[in-house]
Structures are given as C-alpha cells and as structure tokens.
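Taking the form predicted alone, here's one chain by itself in structure tokens.
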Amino acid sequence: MNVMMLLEMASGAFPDRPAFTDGERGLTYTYSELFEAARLRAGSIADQGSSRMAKLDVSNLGTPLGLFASAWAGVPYVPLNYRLTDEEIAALLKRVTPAYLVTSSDRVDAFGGLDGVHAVSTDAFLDPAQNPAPVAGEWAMDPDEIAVLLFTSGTTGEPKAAVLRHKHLVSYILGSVEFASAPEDDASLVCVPPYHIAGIAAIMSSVYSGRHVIQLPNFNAERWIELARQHKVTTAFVVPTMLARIVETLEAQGVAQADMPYLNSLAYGGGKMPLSVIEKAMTLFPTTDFSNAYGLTETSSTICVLGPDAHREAVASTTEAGRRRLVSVGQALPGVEIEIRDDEGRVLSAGERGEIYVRGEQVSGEYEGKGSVVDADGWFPTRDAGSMDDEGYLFLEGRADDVIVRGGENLSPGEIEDVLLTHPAVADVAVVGVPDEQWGEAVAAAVVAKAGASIDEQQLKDLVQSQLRSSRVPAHMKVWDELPYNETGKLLRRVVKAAFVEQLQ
C-alpha cells in the first residue's frame, strides 16, 4: 500500500488525460507525464541521500509531482507554509534534515545554505533536463511507512509534525472515492494551500477519480470565477471565507445566478459556515450540489460530510431543527465512528456539548517525536467541541480550549455566535472569553455588520438574553470591519481575544 498506487492506476487507465494544470503558468501534465516525471524526480531525491522531501512554494505542478516523487523515493513529503517568516521556516527545516527542498527561486540561496538542506528551485525541479536519472526499482509497499509530515499551525506553542502513513491516506481515498469515477471532461478547481491536509487530499482524490485539476496558487474571488468559467470547472473545494468572497463578488456584479451551469458540485470546509452565506450561495448556484466536509490533519482529511440531499432538505425544512442542519457538518463517513464526550471521558447523549472523538482506519493521531495520542480502543481526541443530534448530524462549536468558564459554568462560544448570526444586521461574529475579576471570565463579542447595516448593541444583547440564559449575554461588544481568519478559513480566535484584553487593560 503506497500513495504511488493511486497514480499508477490512473496512468494505466487514462494516460493521455490531463491531470494537473497550473492556472497561472498554463502548464499541464497528463497522467502518464506525471507518472514518468515522478520516476525521474524520485531519482533526484534518492541521489542526494535525503530522508525528507520538502516543498516551500505556492501550489503549482511541483506540488503533485513532489507528493508522488517522494512516495516513489520512499521518503516523507513535507509541504511547508511559505507564509511563515524565514526564521520560522529555517526552524522547521532543521527538524526534517537531511532534506531535498523544492522552493521558489528567490529562496534557494537562503535555505539551501542550511546544514543538511539541498535546495532546488521549482523551475529546476520541473525541468526534465535537470532530473535525467530515474529511480532504481519500484516503490516500497509497506503501509506503515510515513507518506506525509504536516506541521500544525503552532498557535499554542511549537508546531507539531503530524504523521500520516501510507495506510492512513490510502484508506481515506479507497473509502471515499470511486476509482475512475470522473468523466473525461471533469475539471476541479483547487485553491486551498498545498501545505494543508485539504490540499493533499485534493491531489489524491482527483488522481484516483481521474479528474483534471486546475490549480489557483493564490485565492482571489475574481480570478476564481474567471478560471471556473474558462475551464468549465465541474467541481471545486473552498473554505467558508472563500465562498463568502465569491458570493460578495457575484452580488457586486449584480447577477441573479453565477452562470456556471457546468459546476456540478461545490464542497466547502475548514471552518464554520454562516447560514446567510450558504443560503445565498445555493441561490447563486441553483444547479450545483453543495457538500460540507469536516476533517483534520490527524484524520487524513474528511471524516464527516453534509451532502447535497441534506443541504436541500435543510433549506426546504419547515422546522427549526431541520433548517439548523444546514450549519452542521453532516454525518460520519462509512468506516468512521464519532462520539461526543465530557471532561471525564463519558459519552454524551444527543444535543449535549462536549469534545469530539473519532475512530477509523484513516485516523493517525500521531506526532513525530511525541508518539500517538490515540487511546487503547483507537479513539482520537480532536480537541474540537461539538454536539450531535439524534440522527448523528454533527455540529461544531469551535475548539474545546475555547470554552468560556464564567463563574464555574462552561459556556460555548459557538452557541452564542449562532444566536447573534440570526440578527439581520450581523454578517459575522466571534465570541471569546476575557478575564473578569468577579466571574473569572466574561463574554466578549466582536461583530461585523452587513453592508449598509448598523449594529445596535443593546438589540443584540437582548436577542441573546431572549434565547439563552443571562450568563451568555456579552458583557463587552465591539463592531469590527472584519474578523481575522487564516488562509484555511479558521477564525483566529486568539487574535480577537488579545485585542479585547488589550482594550480592557
């Protein structure tokens, strides 16, 4: 079992079909070209005696080539966040040496000078003339070999390197994608960062299904719309903030529909989706099937999906519980089990909030140098908070560490945010806990107004008071122009909290 199996099968089934196209450079690999290129680049990696293959650049043809070449060479693939500072990148590289590094030409000298790092430019990596010697022999089939090392964001300390073995990644693909299921004219627009698990999963699932991938190195709503129309994109994945920008851009163009009848499916995930955004998107893309995917790096990507039928049923529902499912992340994939547990590890009933635990063959839960955090029964603690309804629909409530403890009572930020987002003037909101001398922590809310609307703070407080207990009413509220998100759509709650703490000092 090896990630290279996926490409080998695709290359054998449809060798001349386009596999990946760089949306900015316009260069394309067919499946057979990608297969042969991986053989040559695996030779270059092996010749250097490297134990890791690192990629530090935007998404381009070097991204899928790096993933498969490293798998053939038998070394872990390590995509790095190119948005980090040089000092942060150097620290990560020192943890994966001896490394074969592919990076942008302007960074070759800086990082190639580090001990144990052999750096080449992306252009040199893509140039066949500079990679003439193929690797000797076939790839290893040990399912326990490490396929990918992905560094966490490191927001609460030194970044951890999540270990994904070949068995985890291949298990995810075999359990969620049907081989050769994509028609010849299918095209996928991929704009998630290449160092995110969603980017890795997009490569593998597209290859196994035989889909043509259009790469958008840096997301821009106008460019996304342009590429989707130019290539008649049939499927795409975005994070909630990206979909919000696409919706805003189309609305600004004054169109009633997006004019993309060929866009059959649009998946989103990576953060909480505001109800107003998904409702508008479903109106702008009336013939498109929407899916919400929830997963983690440690679970090899998606573990839970709210599919197209569930979206339509939620929109058409006449009950509050039915419509609420539109902001859920759906139900567990086949082969995946999910439980909600309290602080003492007890499994909670439907509707009760706690920490999300997951179990399945695709789940790794392992970190390099730290070992596995999976328990004896195979359960991985996600550190995400949430609840499930009586039919297994999962609702996210942010990180378990984000819980606000007020006077000994645990408050869920997501619960309060859900209520505030029902107000017609509110476009986005982030709720955090801030230090309070009397209660330990107090509720604070950063609110973003919809275009042309104004925020009445007392109205919003009254709204929370009317639907939740008085302890949930924000003691502090500020109107912000926008909330801070990272490039994968996750709310940077720590930034919101720090801003409130500074203002209150």
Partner chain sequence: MPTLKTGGRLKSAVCAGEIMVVSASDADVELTCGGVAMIDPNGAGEAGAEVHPEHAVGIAMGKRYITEDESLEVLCVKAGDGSLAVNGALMLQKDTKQLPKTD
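Numbering follows the first chain given and starts at 1. Keep in mind that this is a model prediction, so the values were computed, not measured.
A second form of this protein, the form predicted in complex with the partner chain, is not displayed here; the remarks below concern that form.
When contacts are defined as a non-hydrogen atom within 4.5 Å, all of 174, 186 and 308 contact the partner chain in the predicted complex. The stretch in contact with the partner chain in the predicted complex, judged by heavy atoms within 4.5 Å, is 290 to 298, chosen from 425 to 433, 290 to 298, 74 to 82, 376 to 384. The contact residue chosen from 237, 395, 125, 195 relative to the partner chain in the predicted complex is 237, the criterion being a non-hydrogen atom within 4.5 angstroms. 302 is the sole member of 364, 131, 215, 302 with a non-hydrogen atom within 4.5 Å of the partner chain in the predicted complex. In the predicted complex, the partner chain sits within 4.5 Å of a heavy atom of residue 208. In the predicted complex, at least one heavy atom of residue 181 sits within 4.5 Å of a heavy atom of the partner chain. Contact check for residue 322: no non-hydrogen atom falls within 4.5 Å of the partner chain in the predicted complex. Not displayed here, the partner chain is kept clear of residue 161 by more than 4.5 Å at the level of heavy atoms in the predicted complex. Residues from 253 to 272 that approach the partner chain in the predicted complex with a non-hydrogen atom closer than or equal to 4.5 Å are 265, 267, in the order they occur in the chain.
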